[in-house]
Ligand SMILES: Nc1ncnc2c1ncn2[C@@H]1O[C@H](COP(=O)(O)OP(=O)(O)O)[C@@H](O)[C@H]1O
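Starting off, we have a lone chain in the form predicted on its own, written out as structure tokens.
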Amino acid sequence: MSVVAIYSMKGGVGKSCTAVNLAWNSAVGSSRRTLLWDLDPQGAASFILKGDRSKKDRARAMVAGDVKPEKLIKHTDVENLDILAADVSLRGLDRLFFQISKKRHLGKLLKEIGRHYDRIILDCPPGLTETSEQILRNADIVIVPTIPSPLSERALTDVQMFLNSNSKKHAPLLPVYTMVDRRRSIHNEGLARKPKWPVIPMSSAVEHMTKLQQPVGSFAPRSPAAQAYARIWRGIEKKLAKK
């Protein structure tokens, strides 16, 4: 089992869409038993995969150990892909980690859940918090969606500086340019600075994900965005194979 975290300090950078589409490629393209664990209380990934049907706020209780994961994990419409949905109770997740004072708590949960899966994709909450620190320590790869603009790139630099100043082991960060509009000069300047970074183009197909509640690969497999997500996932699989 390998853990791939989709993380950013900033919101609005396409993080949840990236998580959903990479999970779809894991399940469909690689035929991996895949779980998408939505840890963002906004629950965008849960909505897209139709996993937000529970009216009870139990996501935090599951992390605390009061609810078994199998009671909350749901099958999706995609073969090989399950969802552990978010709810608003996750707003208190940082407080929970602080209260229980267990730095390896999330790692133990991942190990328990991972007995049934080949890949776990984490849609992480934005910000540099206790939750994100635990994720960075326990993921095998961290994908960082980044809009090609100075503020978004600055947020990535802040995370890198934080990790470099921390002696504890952490997963490698793999930046991905998202929502790229080549008609904008500021985006082209960003692409010129980092020409080797993977690129996910601005796409109407991605915007339709929330309306159709499907990953892009399900309804627009030939779109540039779907092909970009597929290429990125193939690169992730190659890196995991070298572990």
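Start at 1 with the first residue shown and count on from there. The structure presented is a predicted model; accordingly, all values stated were derived computationally and were not measured.
Separately, the form predicted in complex with the named molecule exists; it is not shown, and the next lines address it.
Listed residues Met179, Leu39, Met62, Val176 were compared with the named molecule in the predicted bound form; Met179 is the one with a heavy atom within 4.5 Å. Partner proximity in the predicted bound form, defined as non-hydrogen atoms within 4.5 angstroms of the named molecule, places exactly one of 62-70, 26-34, 181-189, 194-202 at the interface: 194-202. Within 4.5 Å of some heavy atom of the named molecule in the predicted bound form lies at least one heavy atom of Val13.
Using a 4.5 angstroms limit between non-hydrogen atoms, Leu49 is distant from the named molecule in the predicted bound form. Contact between Cys17 and the named molecule in the predicted bound form is found at the 4.5 Å heavy atom cutoff.
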